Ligand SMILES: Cc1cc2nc3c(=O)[nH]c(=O)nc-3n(C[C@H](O)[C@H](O)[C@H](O)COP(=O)(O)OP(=O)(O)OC[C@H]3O[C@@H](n4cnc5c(N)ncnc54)[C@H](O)[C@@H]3O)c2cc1C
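Given next, in structure tokens, is a single chain: the form predicted on its own.
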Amino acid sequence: MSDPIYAQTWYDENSIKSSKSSHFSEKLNRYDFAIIGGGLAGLVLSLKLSQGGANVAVFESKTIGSGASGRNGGFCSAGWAASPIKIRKLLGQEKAELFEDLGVLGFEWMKKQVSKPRYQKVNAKIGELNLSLAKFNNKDESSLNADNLKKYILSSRYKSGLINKNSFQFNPLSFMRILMKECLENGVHIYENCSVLKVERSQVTNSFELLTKKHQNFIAQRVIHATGGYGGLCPSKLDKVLLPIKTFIAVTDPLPGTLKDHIHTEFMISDNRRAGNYYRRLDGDRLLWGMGISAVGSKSLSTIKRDAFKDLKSHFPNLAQEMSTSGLSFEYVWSGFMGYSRNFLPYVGELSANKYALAGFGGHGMNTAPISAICLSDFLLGNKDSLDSFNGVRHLPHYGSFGKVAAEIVYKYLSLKDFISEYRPI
């Protein structure tokens, strides 16, 4: 496809086969829960609710894994999109500590999942190398200076680094497809290519009627919106506080005998800039390169490819030169939407009577989405204290187009601060 949001990714050709989704002939007269959005949050929620004895239907406008959950960089670590300092300012020390604990629990849940035999094909690998374009002041055992970094990468631009063993990389699309199969086996009905056009009160007592693009009607007692940054049917209360932000990823042609000369490690790699890069080696001697965000406009596939090569060249000029000499470049390029709130914290909880939100995980959703889904499932199954950590989160409006422009300005400002920090005399 020419649209980068739905362009074919490397994962599409290098992941396990998807399970067959549910057929309309299987639908129940009434579901306990209808989940709109079949991303990581929606599937984990459906799995937990089904395991708790509920009848659950998931409605995905395209296919499972076609959104951000299946086309991201494949990084998983603890934490949230908002920094610990920001969370403390927003929520206070006590609740900030609860949030931090949830971030860790989400990571541990994902780590446990990928360690299961059935998830082996996600090819999970432990370890992250976090790089800085300036010198680190700390001198702990995980800290690396410029000379130490040469054991892992050959790039004069990085001045220091840290090794983090509490993170892992994996194939997110394979993960989503295995999770989908697990949900189906637990009785969840998953309807793909099935956009929900309307949700309104049903004549059936205490229920909603959902009208889908397939001209099918469904009845559910409670509805959860887990739609992320891809739009579709979204209550105005949620739409006003979540902003769709684009990110961009590219994967090189095979680079046998070249890539390993410049990037020696199989750790996933990120840098600590506010608007930094993330990348990792893939099977077949390829390099996955993630870069930048944007709140306004769009980029063509050719523009993303050009920007990726320019970005790669600024960090690994010798690798870029060798690629150019050999006539190699980026074979796959794509973009994806992430749902951001102004405070970088997700919207998890009630929207109105029997309607709930599970969205807005920003660029850190592979641990925060599942743990938020688990908290919401516990709440919906009767544990009324399980959303206490989220109840104090204030969600502010983004003001539509003005919000997008403001987000773009903030991103440019942060990029400028990164630039100044990098070249400030030490």
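Quick note: we count residues from 1 along the sequence shown, nothing fancier. Bear in mind the structure is a predicted one, so any value in this text is a computation, not a measurement.
This next part talks about the form predicted together with the ligand, which is not shown.
In terms of contact with the ligand in the model of the complex, the residue from 337, 119, 152, 344 that brings a heavy atom within 4.5 Å is 337. Though the partner is left out of this view, residue 315 does not reach within 4.5 Å of the ligand in the model of the complex, counting heavy atoms only.
Although the partner is absent here, residue 224 is not a contact residue: none of its heavy atoms lies within 4.5 angstroms of the ligand in the model of the complex. Residue 249 belongs to the set of residues with a heavy atom inside 4.5 Å of the ligand in the model of the complex. Contact between residue 194 and the ligand in the model of the complex is found at the 4.5 Å heavy atom cutoff. This chain is displayed without the ligand, yet in the model of the complex the stretch 30-38 from 49-57, 389-397, 30-38, 372-380 comes within 4.5 Å of it by heavy atoms. If you check the ligand in the model of the complex, you find no heavy atom from any of 21, 171 and 183 within 4.5 Å. In the model of the complex, not one residue of 100-123 has a heavy atom within 4.5 Å of the ligand.
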